[in-house]
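Have a look below at one chain only, the form predicted alone, in structure tokens format.
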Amino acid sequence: MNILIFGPNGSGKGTQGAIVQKKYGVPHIETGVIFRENIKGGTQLGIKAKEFIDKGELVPDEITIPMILSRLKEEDCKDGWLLDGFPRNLSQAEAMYEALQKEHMALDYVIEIELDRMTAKNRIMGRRLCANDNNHPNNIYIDAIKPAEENGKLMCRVCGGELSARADDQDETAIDKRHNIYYDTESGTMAAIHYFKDRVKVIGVDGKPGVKEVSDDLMNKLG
């Protein structure tokens, strides 16, 4: 089963991707990891990509897509894959779909974790890290995992540890910049999703409920 997964920052896409990976036994492939591995390994594509990255420029599709396809042809992908982080816009979606067609690689499903922009932003800005264990979930905007409160101070709901917020989670400008790309229905990520709706089965799931409710809905729709 070959799958693309989409969702705005704050939608829980990574969590749901891990659940799909475990359920179907396919590798969860993130484009950022592909870049790092090619650059570290000194591949021809990696060297070319690094030239653009070092200049602070976007890596062209003619480098990115062959790099992704090379990864999708590896042995661990023979029974399927879950690709996360690409395409990010309409032109990339068109180029990626055409490349898959040329390689006779099927795209079985596109998963879209649906979440409105304000909720997604609040979830990012509401995340709090526990000093004892970063895996303890705490978010001031999600009722199910709201931190505990003691003497007017927020504490970890799991262990009572001190909480802090990551600086990048509070950077509204950076969050808005990423979301501007994602929610753009003309040429951004949402436009890419609409492009796939005319070509493959797109499974949309509401990202607002809890992790289990979202994953149950997703698994039911995937069959």
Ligand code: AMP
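Computed from a predicted model, the values in this text were never measured in an experiment. Under this definition, the rigid core comprises the largest set of C-alpha atoms superposing within 1.5 Å between the forms. Numbering starts at 1 and runs along the sequence shown.
Below: the form predicted together with the ligand, not depicted.
>> If contact means a heavy atom within 4.5 Å, which one of 130 to 138, 147 to 155, 83 to 91, 116 to 124 is the stretch that engages the ligand in the predicted bound form?
In response: In short, 83 to 91.
> Is the ligand in the predicted bound form near all of M1, Q16 and K221, within 4.5 Å of a heavy atom of each?
Replying inline: The answer is no; none of M1, Q16 and K221 reaches the ligand.
> So which of A191, I175, V59, V26 gets a non-hydrogen atom within 4.5 Å of the ligand in the predicted bound form?
Replying inline: Checking each option against the ligand in the predicted bound form, the one that comes within 4.5 Å is V59.
> If you check G160, P66, G32, G42 against the ligand in the predicted bound form, which one has a heavy atom within 4.5 Å?
Replying inline: Exactly one residue meets the criterion: G32.
> With the partner left out of view, is R36 within 4.5 angstroms of the ligand in the predicted bound form by any non-hydrogen atom?
Replying inline: Result yes; R36 sits at the interface with the ligand in the predicted bound form.
> Can A165 be called a contact residue for the ligand in the predicted bound form at 4.5 Å between heavy atoms?
Replying inline: Looking in the predicted bound form, residue contacts with the ligand do not include A165, since no heavy atom lies within 4.5 Å.
> Is there a non-hydrogen atom of I47 within 4.5 angstroms of a non-hydrogen atom of the ligand in the predicted bound form?
Replying inline: No, I47 stays farther than 4.5 Å from the ligand in the predicted bound form.
> Rigid core fitted, is the C-alpha displacement of E37 between the shown form and the other one 2 Å or more?
Replying inline: The answer is yes, as the C-alpha of E37 shifts between the shown form and the other one by 2 Å or more after core alignment.
>> So, superposing on the core, is the move of P66 at the CA at least 2 angstroms between the shown form and the other one?
In response: Yes, P66 moves 2 Å or more.
>> If the C-alpha spacing of T173 and F35 moves by 3 Å or more in the predicted bound form, is that a move closer or farther apart?
In response: Note: Cα gap between T173 and F35 shrinks in the predicted bound form.
> Do the C-alpha atoms of E57 and F6 sit closer or farther apart in the predicted bound form than they do here, given a shift of 3 Å or more?
Replying inline: The answer is closer, because the C-alphas of E57 and F6 approach each other in the predicted bound form by 3 Å or more.
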